[in-house]
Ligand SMILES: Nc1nc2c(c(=O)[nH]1)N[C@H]1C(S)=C(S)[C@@H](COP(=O)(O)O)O[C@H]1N2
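Read the single chain below, which is given as structure tokens and is the form predicted alone.
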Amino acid sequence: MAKRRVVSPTVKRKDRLPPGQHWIQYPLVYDIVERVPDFDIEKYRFKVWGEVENPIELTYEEILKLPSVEVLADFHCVTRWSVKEILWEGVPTSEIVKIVRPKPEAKYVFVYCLEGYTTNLPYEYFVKEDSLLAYKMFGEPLPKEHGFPLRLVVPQLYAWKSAKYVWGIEFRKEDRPGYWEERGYHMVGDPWKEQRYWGD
């Protein structure tokens, strides 16, 4: 049976290339550490908590058994490059929402990553149809440099919100800046509004 595929609104927009961006062929790799450690997939646990009715903790194998989707989306980095039509596969964030049942006061999401990175985003972007927790890229297991074992992909925001090496999702009442947001990056990061830094 063919896997359900979502074509992101980023591909369908008339103004497909956000202002200040240029196309490149393949996404560049950035990390906050010089060397990303090897992660023991047997010990890996994905956790969701905070303002939810049903906190969860899943192994990698349990994640792979959840309903999945393919998402075809453009990818826009705040450093002004963009890549057309990356094919991701993974668990739609709507499936996570269905399982954990966020409370009405859950207005924000805070993301924790294995190498120490964090980022934040409004709940409304987390639940977009093209947002997912990806474990494949272009039909292959997610390469380590692009976020193995799990990458949050939020195509409608700048790519620093698409956090790599994700292990935790916290649903919050109040917003909280993550790693780059603490260093002056925008709290939302909409590429079409050029929300690159505080004050944009």
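Each residue number is its position in the shown sequence, starting from 1. Being a predicted model, the structure only gives us computed values, none of them experimental.
Absent from the display: the form predicted together with this ligand. The rest refers to it.
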Of the candidate stretches 43-51, 62-70, 167-175, 28-36, the one with residues having heavy atoms within 4.5 Å of this ligand in the model of the complex is 28-36
Mind checking whether each of Leu58, Phe110 and Phe126 has a heavy atom within 4.5 Å of this ligand in the model of the complex? no
From Ala106, Cys77, Val100, Val91: within 4.5 Å of this ligand in the model of the complex by heavy atoms is Cys77
Answer yes if any heavy atom of Ser131 is within 4.5 Å of a heavy atom of this ligand in the model of the complex; otherwise answer no. no
Using the partner position in the model of the complex, report whether Lys136 sits within 4.5 Å of this ligand, counting heavy atoms only. no
Tell me, yes or no, whether Glu115 is in contact with this ligand in the model of the complex, where a contact means a heavy atom of each within 4.5 Å. yes
Counting only non-hydrogen atoms and a 4.5 angstroms cut-off, does Trp160 reach this ligand in the model of the complex? yes
Applying a 4.5 angstroms cut-off on non-hydrogen atoms, the residues of 176-194 near this ligand in the model of the complex are Trp180
